[in-house]
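Here we start with a single chain on its own, the form predicted on its own, put down as structure tokens.
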Amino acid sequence: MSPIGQIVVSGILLQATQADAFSQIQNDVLLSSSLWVNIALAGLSALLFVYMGRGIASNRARLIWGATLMIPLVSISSYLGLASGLTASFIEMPAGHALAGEEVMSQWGRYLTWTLSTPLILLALGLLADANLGSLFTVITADIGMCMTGLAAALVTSSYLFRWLFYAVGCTFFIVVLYALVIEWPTFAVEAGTSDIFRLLRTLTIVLWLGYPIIWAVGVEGLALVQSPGLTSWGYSVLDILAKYVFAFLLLRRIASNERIVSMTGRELATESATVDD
């Protein structure tokens, strides 16, 4: 077959896959509602965050606000891709999988969302804690690696073993992120005077982010203990709502009411405290 013929055939197959995915999503009330509810909440969150940030003026606080505002905007784009069938497709599970030889829907577009939105969450947290640039770079890079290996684990069909190997590598990247959140960044947050809100958001992030690999492991992509795409999708959607929109709301509310402290670096805060003591 000529290259042109291959392109035409590939285009037809891609369109057919999108149409099939769209049809299955729309016909599954549980699945489609998990997407459209998230789209609606993301839109409302974006409008609310614009309102909440209207009076923020300092550079550091505005950077945190900008990062949190992008979280629901990225989510809207991603969930529209899923709802339309653009970023969902059918893959045949490899030998050794509980559904070996069967075609299942892969909502791989979620991994694109997480690759863009979770670094924004970590950027906001790192800025809140006044973490140094090297630590921010390392953690965000590890987070992107975690999302990309998660995508590989979800899409590889040549070997069941390789699905779990990619999963293990992704969990290793996750450990790097957890180390910063639990060990490194709390120290920075104390020096920056933001340890109280940082501890709350850090705990919320860790608890909720642990849910993602668990859902992957028990869902169709992993052990297939839960085979309903609607239930799996709702599991991810609930985690997204809490880990993104509730997280961002709590953070922006704190910034709006304590912008002066958030805008100061740890060194500036220490200098001010020393001056007051004198």
Ligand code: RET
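The first residue of the sequence shown is number 1, and the count goes up from there. No experiment lies behind these values; they were computed from the predicted model shown.
As for the form predicted together with ligand RET, it is not shown, yet the points below apply to it.
Though the partner is left out of this view, Y167 does reach within 4.5 Å of ligand RET in the predicted complex, counting heavy atoms only. Remark: C171 counts among the residues lining ligand RET in the predicted complex, judged by a heavy atom distance of 4.5 Å or less.
Put simply, W209 is close to ligand RET in the predicted complex: some heavy atom of it is within 4.5 Å. Proximity of G150 to ligand RET in the predicted complex falls within the 4.5 Å heavy atom cutoff. With ligand RET left out of view, the stretch that reaches within 4.5 Å of it through heavy atoms in the predicted complex is, among 192 to 200, 81 to 89, 133 to 141, 116 to 124, 116 to 124. Contact check at 4.5 Å (heavy atoms) against ligand RET in the predicted complex: all three of M146, W216 and K244 pass.
Although ligand RET is not shown here, in the predicted complex the stretch 46 to 70 places no heavy atom of any residue within 4.5 Å of it.
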